[in-house]
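One chain is shown next in structure tokens, namely the form predicted on its own.
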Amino acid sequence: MNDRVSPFSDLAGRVVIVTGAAAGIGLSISNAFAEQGCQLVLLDVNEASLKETAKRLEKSGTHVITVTGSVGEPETARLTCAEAVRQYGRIDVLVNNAGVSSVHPSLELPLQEWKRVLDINLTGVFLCAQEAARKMIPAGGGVIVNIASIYGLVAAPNRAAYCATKAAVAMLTKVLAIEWAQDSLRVNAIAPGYVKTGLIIDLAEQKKIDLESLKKRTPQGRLATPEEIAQMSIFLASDISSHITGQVIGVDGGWTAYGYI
């Protein structure tokens, strides 16, 4: 029998909101916090997947609240945070994971698509962070973890909207961190590289991306797993990282450090 205490045992019982919680990285993040004994508020646009996720987690003993909606809608952040406080009495952690990809030559990028990516990837992050902070600060503080991207740190062609929004998330993280530090509210971001999610596998099967080329471009020679991103979110949410705020931490196998193509 293994009686070793988890290094993240301080997370047990904490109230955690995860956006984009029902698939990919968000699903792994939801699972990881559930394993730490957290109480969850899961937000996603896909109601069926959200309910399925909640049902599975509840069977393992996790208390789960679900909210269906898009972070791109201003009312969603307010409703999600209000529901968390109504049922749990507080918010301890927010993980801003919801986001969309966009690949278009810049000359052909429709304004509607630009606005859609901006609304979800940036405005949604700000609105959720703002609304959560309004609940956290009077209660004594908390933690916000934003999911950025390596493409907020380095550029890639045909991704003007995506790169611009993820770079803005990185800077937004720093602004909020220094502004709210005196209120015991920490704000950090994770910048994943390519992650082996169902979406990436589907794109590879459709020949829209070349997995082998991506692996060769990555110094570690492989893609990240969703669980590796989730574990970083656990670390940043835990008291173990109590003096870390305003940071954008790459989980990319060395991608952004490697300047040679």
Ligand SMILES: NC(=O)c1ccc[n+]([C@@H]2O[C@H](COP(=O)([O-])OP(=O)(O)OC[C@H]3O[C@@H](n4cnc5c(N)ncnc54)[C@H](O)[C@@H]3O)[C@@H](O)[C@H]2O)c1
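Numbers for residues come from their place in the sequence shown, where the first is 1. None of these values were measured; they are calculated from a predicted model.
FYI, the form predicted in complex with this ligand isn't displayed, but the following is about it.
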Contact residue in the model of the complex, from Val187, Ala84, Val71, Val95 (heavy atom within 4.5 Å of this ligand):
Val71
Name the stretch, out of 105-113, 162-170, 137-145, 175-183, where some heavy atom lies within 4.5 Å of this ligand in the model of the complex.
162-170
Taking 4.5 angstroms as the cut-off for heavy atoms, does Ile200 touch this ligand in the model of the complex?
yes
Hey, in the model of the complex, is Ile249 touching this ligand, heavy atoms inside 4.5 Å?
no
Within 4.5 Å, heavy atoms only: does Met232 come near this ligand in the model of the complex?
no
Since only the chain is shown here, I'm wondering whether Val100 would be in contact with this ligand in the model of the complex (any heavy atom pair within 4.5 Å).
yes
Going by this ligand in the model of the complex, which residues of 12-26 come within 4.5 Å of it through any heavy atom?
Gly20, Ala22, Ala23, Gly24, Ile25, Gly26
